[in-house]
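Take a look at this one chain, the form predicted on its own, written out in structure tokens.
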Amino acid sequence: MQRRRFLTALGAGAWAGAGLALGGYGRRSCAGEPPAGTPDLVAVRNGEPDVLFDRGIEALGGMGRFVKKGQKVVVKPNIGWNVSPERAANTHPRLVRRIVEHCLQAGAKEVYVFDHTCDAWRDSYRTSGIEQAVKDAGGKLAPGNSESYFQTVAIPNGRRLRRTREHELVLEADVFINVPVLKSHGGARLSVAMKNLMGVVWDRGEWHSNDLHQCIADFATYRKPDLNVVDAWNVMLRHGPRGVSAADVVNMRSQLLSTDLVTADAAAARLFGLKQPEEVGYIRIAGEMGAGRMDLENLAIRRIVL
């Protein structure tokens, strides 16, 4: 009963509310940017995770815009938790599979998928369904469970975070694709694109004890994914980041794509039902620090309903 109420009151309503901000199309055009008409953000709704991505990446110029022949690609979904896809604590496996397939079809030499998980990594990879999805697509899985995989990097523009330890796969990649799942988070309020990057570092515990919102924003000034794909097919509305049961989840059947992770997070916050993206501390700080744009009303947004 409760889930049905969420579907009615928050699912459709959240998209309609987001539509107030996401409904405009086209204003920014900068030299050196993608071809004219390429949107800053694509918002797709009313399909399965793989179909949403097919339409979304097409509207953003196709995977060939991001991946060239012979390149090494790293895909970073959320695989943090040893729970099934129905719980929506992890990125949906069908979306991960489709992204790997697109990368290989575009000519990628190899596509790695990894996360520095919160639960035991082998269990999380298997139970999330992502292990099988990556194997089926022809990608490669990598662990993030040992400090030996991480290298110290400087964060030149960080205010609280001046250095951290980042996974070597990201440092070596030609293309980095960030694939968070939109969900509630007890410490950060929302977990989306910027928060998902905590899974590429080793010492994230220090972030929690050293002004979490500022550290997330600091890291966003340094690490810029080539593409951010926000999985909002199933959205955990409460009890995040792990959730308690499927009753925490609403089926929004949506997806957001952007090269700007602040833009992706700002749109995701609206989709989640927040009135303003600034209600999430790290989104506000990242916008103020110039890590990306959260002024959705001034961006080119392509909104697709399947």
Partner chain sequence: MNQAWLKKIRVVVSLVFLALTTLLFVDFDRIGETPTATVALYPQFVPSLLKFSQTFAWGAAGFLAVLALTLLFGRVYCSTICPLGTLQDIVIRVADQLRKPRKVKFRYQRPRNVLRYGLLALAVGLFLGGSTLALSLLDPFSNFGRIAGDLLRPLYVVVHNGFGQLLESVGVYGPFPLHWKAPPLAALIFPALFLLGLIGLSATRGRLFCNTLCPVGALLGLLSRFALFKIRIPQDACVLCAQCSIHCKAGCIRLKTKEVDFSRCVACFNCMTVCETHGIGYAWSGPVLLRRSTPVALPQSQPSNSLDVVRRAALSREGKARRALLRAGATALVGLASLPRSSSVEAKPSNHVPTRLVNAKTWPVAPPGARDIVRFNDLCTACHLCVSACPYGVLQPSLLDYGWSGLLQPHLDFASGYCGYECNRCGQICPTGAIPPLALVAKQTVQLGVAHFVRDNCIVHTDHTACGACDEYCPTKAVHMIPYQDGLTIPEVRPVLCVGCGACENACPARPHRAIYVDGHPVQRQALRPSAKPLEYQPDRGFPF
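Positions refer to the first chain, counted from 1. Computed from a predicted model, the values in this text were never measured in an experiment.
The same protein also exists as the form predicted together with the partner chain; that form is not shown, yet it is the one meant from here on.
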At the 4.5 Å heavy atom threshold, is residue 221 in contact with the partner chain in the predicted bound form?
no
Would you check, heavy atoms only and a 4.5 Å threshold, whether residue 168 touches the partner chain in the predicted bound form?
yes
Heavy atom to heavy atom, is residue 276 within 4.5 Å of the partner chain in the predicted bound form?
no
Contact between residue 212 and the partner chain in the predicted bound form at 4.5 Å, heavy atoms?
yes
Given that the partner is absent here, state which listed stretch (222-230, 173-181, 89-97, 143-151) has heavy atoms within 4.5 Å of the partner chain in the predicted bound form.
143-151
Let me know the one among 41, 57, 280, 261 whose heavy atoms come within 4.5 Å of the partner chain in the predicted bound form, would you?
41
Quick check on this chain: which one of 83, 155, 137, 106 has a heavy atom within 4.5 Å of the partner chain in the predicted bound form?
83
Taking the partner chain in the predicted bound form, which residues along 106-140 bring a heavy atom to within 4.5 Å of it?
112, 118, 119, 120, 121, 122, 123, 126
